[in-house]
Ligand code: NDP
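One chain comes next, on its own, written out as structure tokens in the form predicted on its own.
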Amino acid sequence: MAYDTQPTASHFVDGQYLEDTAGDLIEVIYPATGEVIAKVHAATPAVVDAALASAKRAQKEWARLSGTERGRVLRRAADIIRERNHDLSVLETYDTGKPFSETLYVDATSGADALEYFGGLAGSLTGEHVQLPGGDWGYTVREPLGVCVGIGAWNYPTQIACWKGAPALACGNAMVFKPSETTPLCALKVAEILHEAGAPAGLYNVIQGMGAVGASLVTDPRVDKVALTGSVPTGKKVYAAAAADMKHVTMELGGKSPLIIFDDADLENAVGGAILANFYSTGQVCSNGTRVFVQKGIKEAFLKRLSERLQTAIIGDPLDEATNFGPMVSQAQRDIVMSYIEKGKAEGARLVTGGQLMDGDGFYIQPTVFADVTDGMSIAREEIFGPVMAVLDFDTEEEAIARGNATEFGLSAGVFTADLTRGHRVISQMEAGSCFINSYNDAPVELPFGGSKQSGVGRENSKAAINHFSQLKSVYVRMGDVESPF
């Protein structure tokens, strides 16, 4: 691809780009055309070893700095990302197929927000003094964990690389990040920018590969923490592997989140929220509210207005800033989504709009809405990760809460209502970690992000992330003589 700031090699290790063509070839496909736009190689054992060895060395140097000094590097990296937002957004669009109109405002900018936020927080990460009886006292010290491994998903490659890296580095850790093999390019630029901003060589390394490379990182004794964004089945395997060596983990996994719309909701806002909860990023968002429970009194009005607004979606070349709905990330993901659309039809859901592949190149699917969906249908139970909305009817608040919670997942939940008392009452009963009232899919760095139940453990973003990338040492100080029994 004709792109000046494309990464120049497969890996970024110890402060520089590194190539090793002995690793398995990974072709980078542009989802809008199906063309191969770049080729990278999976990390060989030698590359994995170089990444971990340099991370372990750099971490010691980094941890000796004050939090303020570490924060300065992170904030400088945030400034560089913002300066280069245009080019980084173009790269994100090539990597994922997401519209440039979206990546320009959400992806690299969100990564910069994380670096800026945790850069600002780094100097404040202190322990506390605890006064004890008899003049004795204690104190706590917040210490880094060591070497952290980040494993990314393919839907937000720049953002995830920063969401994991920023708190890890703020706390004094090093990171080795493995992006998804489907979207391997953007994280390399994050590593390059962090090094340019003053991070020691080896502090933030990026290496490519499939599951085998991830497994070799997770099980390496030099690794102290694993942070993964991915599917529930993958998360369970990684969690188990990390637990075998008592490694710390953060698991940000999938969902089948409920969005509950009451009769009294503002219709335009509710429809807008449902669109954000199902069709932003072509539906490829883990927190999406893909089970839309609509109270019966406004069901037909909701479906009518939703269908009208979906007709105004501009589907086309993702690099055209007018486009606001792009292709699926890959042929394989498109095939998965189409199989769910067929299941929806076969199991008796009513297809309201969409449901077809689109003519031409690339991995495009029409925005798809099913109505008259029941709780037992596959499209209401399983995470599809594509532009497919399931609309379910309900009568009462109690029913909506019970049915909304009747899932193994617990990442997000949302409610639209004009009655704010009801909004808070409903959300307080939803079994989910990241929730919304009269909104959906907002993810500011100041708020914790993460799920409950099968949707994961730990939290990303906010001050909560500090607890997942650091540990406390307690020190008891006796001021008098020691008494012992003999």
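Since we're looking at a predicted model, the values are computed, not measured. Numbers follow the displayed sequence, beginning with 1.
If you look for the form predicted in complex with the ligand, you will not find it shown, but the lines that follow are about it.
Contact annotation for T109: none of its heavy atoms lies within 4.5 Å of the ligand in the predicted complex. Although the partner is absent here, P327 is not a contact residue: none of its heavy atoms lies within 4.5 angstroms of the ligand in the predicted complex. Contact check for A402: every heavy atom lies farther than 4.5 Å from the ligand in the predicted complex. Although the partner is absent here, W154 lies within 4.5 Å of the ligand in the predicted complex, judged by heavy atoms. Proximity to the ligand in the predicted complex, taken as heavy atoms within 4.5 Å, picks out 208-216 from the listed stretches 110-118, 259-267, 208-216, 78-86.
Checking L411, C186, A170, C162 against the ligand in the predicted complex, a heavy atom within 4.5 Å turns up for just one residue: L411.
F385 is the sole member of F385, F416, F363, F279 with a non-hydrogen atom lying within 4.5 angstroms of the ligand in the predicted complex. Residues L228, T229, G230, S231, T234, K237, V238, E252, L253, G254, G255 are the ones in 224-261 with at least one heavy atom within 4.5 Å of the ligand in the predicted complex, listed in sequence order.
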